[in-house]
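As structure tokens, the next two blocks hold two forms of the same chain, structure 1 and structure 2.
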Structure 1
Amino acid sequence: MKPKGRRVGGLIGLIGFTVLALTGCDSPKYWPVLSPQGPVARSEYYLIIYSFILMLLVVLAVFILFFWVIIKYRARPDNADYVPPEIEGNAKLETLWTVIPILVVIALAIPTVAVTYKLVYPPKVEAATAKVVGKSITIDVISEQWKWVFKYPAQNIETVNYVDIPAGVPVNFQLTSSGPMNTFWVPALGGMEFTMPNMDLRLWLEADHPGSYLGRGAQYNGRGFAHMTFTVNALSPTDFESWVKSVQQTAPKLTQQAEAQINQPGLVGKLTFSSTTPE
């Protein structure tokens, strides 16, 4: 057994090393969940903080009671013959510690359900200009092995492993999968949603301002899972319209050969097509 001084020194060294390591995580890109960049992510961020504070209060109460009991009722020379006055149970205390967890669960469930139902609908446009108020776009997302396909049905364009969206505009991602089940996740913009074969699930996301955000599959689906990432580029509405026109005029059409390559299990880079139906 180590001497007490060495154990304390080791603990202080471990805490110091941890604090030193965390100083390298001061950029929001290393903790995007705690640095929301859109109304959806912000709603979930506030829910996380609320849940954390509530759980912290529970943990503090438990530890305070725990140490109070072990100190107050510890064995001492002056109470060697101590016998608890009640050994059959205490109805008031048992009722109290049954009701309190129920209240904690209710306090967690009500805001969680409220936020969950709120996110079923398009987020409120907070950063949009009058030009884009009331507008939204729909993008079909298909998880392949091991790549992400994004189809713009209204614009008739398709991208692979990256998606451009207008900032300040709600985006309706329609999710499905052509292979194994996966999870579509852009931590800076909102929570994750499953992609499943023969199922169409929906996820509303929105970016406050132009920027580039990392997205990825969060469901392990084989050896290419680690490479199943994509980039979300939020552009100003004007730049997004320019990008759409540029793709429609300059990108190649989606061919049968390209479609077959995408459907095959394997890795590909970022691809852009000026149609969503193979020719």
Structure 2
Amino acid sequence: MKPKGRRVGGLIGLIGFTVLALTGCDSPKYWPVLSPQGPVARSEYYLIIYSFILMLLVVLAVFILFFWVIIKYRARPDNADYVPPEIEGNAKLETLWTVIPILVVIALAIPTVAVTYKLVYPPKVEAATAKVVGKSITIDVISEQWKWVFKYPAQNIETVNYVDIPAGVPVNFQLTSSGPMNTFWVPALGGMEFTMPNMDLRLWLEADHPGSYLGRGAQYNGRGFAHMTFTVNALSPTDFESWVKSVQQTAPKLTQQAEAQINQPGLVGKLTFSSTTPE
């Protein structure tokens, strides 16, 4: 069965725009924000849809009132000598349209605060999955000019421009930057967070099921910014474990030379190392 969210997402896409049809493609790939692939993205998505519907109601109400007034009271030759009344105001009406926006804001504020607090903590894990890889895993993310470095401290491996994660397990991304700021964004899995030098920000993300998702830097940081993308591969917990093992056994160690190349401004392809500190 399709997740409920995706159906609503498709509906929104249809109402708003015909591009979905023009591009003729399946939505998870082309509308990552509207087809969440994990619990974090999903709770953000629900808030987006909820706020959209709320705002749509306001838009409709105002548009109807607005167009009704400008059509009904337009100057026509037959009302040329109509002298409009001078109306000071109307306390009742003005109170009404102060109170209604207040109610709308309250209706939006309550779920907003709830979800904002919720997203600080990791999503829940199923017990079976937790047995294989643990309750969560931690990955350090460093944005360099112009590449993404991922260090797995517990596994002692490092990747560049791609990151493999276990599906169904919350991933604790610890974000930092070696120079200019950036933002770490995997729209299908959840919203973004900044990477800043000398600061450790964190972002919980989780993928529901195995799959491959596009991530990119969203904060401009110079010439190579547009090319600063990475892939997130969500693997089943067992596949993830065997990937980690194979990297530990077969990938080369991180050398001084490779480290220097990564630190230098420029683009590189995907890299894999079996250590996180250079020898």
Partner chain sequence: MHGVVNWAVHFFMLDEGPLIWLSDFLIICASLGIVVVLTKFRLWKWLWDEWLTTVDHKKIGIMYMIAAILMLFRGGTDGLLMRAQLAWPNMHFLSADHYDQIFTTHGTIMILFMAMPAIIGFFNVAVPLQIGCRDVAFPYLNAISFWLFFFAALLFNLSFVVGGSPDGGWTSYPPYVENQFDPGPGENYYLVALSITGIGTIATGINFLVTILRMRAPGMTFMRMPMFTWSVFVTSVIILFAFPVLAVALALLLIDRDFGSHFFTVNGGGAPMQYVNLFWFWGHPEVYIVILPIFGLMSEVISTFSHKRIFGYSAMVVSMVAIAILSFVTWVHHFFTMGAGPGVNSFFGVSTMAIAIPTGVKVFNWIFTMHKGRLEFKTAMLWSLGVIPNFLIGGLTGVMLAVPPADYQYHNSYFLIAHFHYTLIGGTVFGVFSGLYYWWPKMFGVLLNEKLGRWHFWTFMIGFNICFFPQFFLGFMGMTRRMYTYPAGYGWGVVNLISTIGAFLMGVAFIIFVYNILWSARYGERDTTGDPWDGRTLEWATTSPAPHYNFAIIPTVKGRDAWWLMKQNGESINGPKGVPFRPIHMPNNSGRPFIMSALFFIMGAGFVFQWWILAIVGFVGVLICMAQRSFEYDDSHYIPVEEIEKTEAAAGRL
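Take the two forms, find the largest set of C-alpha atoms that superpose within 1.5 Å, and that set is the rigid core. If you're wondering where the values come from, they're calculated on a predicted model, not measured in any experiment. Residue indices: 1-based, along structure 1.
- Here, the chain labelled structure 2 is taken from the form predicted together with the partner chain.
- Put the two forms on the same core and the Cα of N79 is off by 2 Å or more between structure 1 and structure 2.
- Once both forms are fitted on their rigid core, the CA atom of F67 lies 2 Å or more apart between structure 1 and structure 2.
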